[in-house]
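Quick setup: one chain, the form predicted on its own, written in structure tokens, and binding and motion questions come after.
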Amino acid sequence: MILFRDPNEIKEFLVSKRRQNLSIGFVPTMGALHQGHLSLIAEAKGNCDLVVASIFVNPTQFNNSKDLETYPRSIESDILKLISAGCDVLFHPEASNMYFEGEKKLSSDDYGYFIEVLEGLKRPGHFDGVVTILTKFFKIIQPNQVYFGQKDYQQCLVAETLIKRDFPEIVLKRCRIIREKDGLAMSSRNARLNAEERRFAAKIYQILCEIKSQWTEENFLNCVLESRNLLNTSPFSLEYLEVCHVETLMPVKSYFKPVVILVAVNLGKTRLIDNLIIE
């Protein structure tokens, strides 16, 4: 695996690979890699000639400075995992190489209703930071395909909108959520959970599955209300649990399918998100 820190150097390298008619698959990450990330590498390897991963803790998508400071970083072990997974290229830049002093974030304000709710409401400016860094990455790497995990469902919608507007030559691949044996969605933040919190965390997916099993015309509203109560009882602190239209994230007011259940909950000092689609 080849490691690049400088944007101009990796851009020049990838230009040479495209001249050889090699297809490029891109997996953007913020590091602290787990099997979910590595599954994206595997998907990219199955479809593209060259797989590029990025590890960059993007400061512009954090609206909480403490969250940025405490975000897990494990570059040495991440590099070993990428090598074992067969990744070809790693782009690991410094923030000073990606942003110039006084640079303003791009705006996602006109992306549609889905930008204003859930994560967009709870984390003001977050998706502006996502759009800003993805725009930079896409211009530098110019991938044929880019791979995102469905756990960040709303972020997938943001990336899809950005690509449709500004990078139509890129194909976005949305990949399934990789879960622990007890159903907890794999996340870099799971490492923050203590043993007791980790046991409770498994209930999040169980509750999503319970909503899915009870999603009937007669019971759709009650099952959501009951689930909200369960996830707003100690040790949980619920931020949101909504059942939404899969494309617009408009909240469901009457029974229909397909829909997506989205949840954000605090467990101790750790914020966890998850989702489940009801086909």
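All residue numbers refer to positions in the sequence shown, first residue = 1. Every value quoted in this text rests on a predicted model; they were computed, and no experiment measured them.
The same protein also has a form predicted in complex with adenosine monophosphate (AMP), omitted here; what follows describes it.
When contacts are judged by a 4.5 Å heavy atom cut-off, H92 does not count as touching adenosine monophosphate (AMP) in the predicted complex.
Remark: G149 counts among the residues lining adenosine monophosphate (AMP) in the predicted complex, judged by a heavy atom distance of 4.5 Å or less.
In the predicted complex, at least one heavy atom of L40 sits within 4.5 Å of adenosine monophosphate (AMP). Contact annotation: Y71 falls within 4.5 Å of adenosine monophosphate (AMP) in the predicted complex, judged by heavy atom distances. For the marked spot (R199, A202 and L272), a heavy atom within 4.5 Å of adenosine monophosphate (AMP) in the predicted complex is absent from each of the three residues.
In summary, among the residues M186, L162, I170, V117, the only one with a non-hydrogen atom within 4.5 Å of adenosine monophosphate (AMP) in the predicted complex is M186. The partner is not drawn, yet in the predicted complex one stretch among 229-237, 42-50, 243-251, 29-37 has residues with heavy atoms inside 4.5 Å of adenosine monophosphate (AMP): 29-37. Of the residues in 157-189, those that come within 4.5 Å of adenosine monophosphate (AMP) in the predicted complex through at least one heavy atom are, in sequence order, R176, I177, I178, A185, M186.
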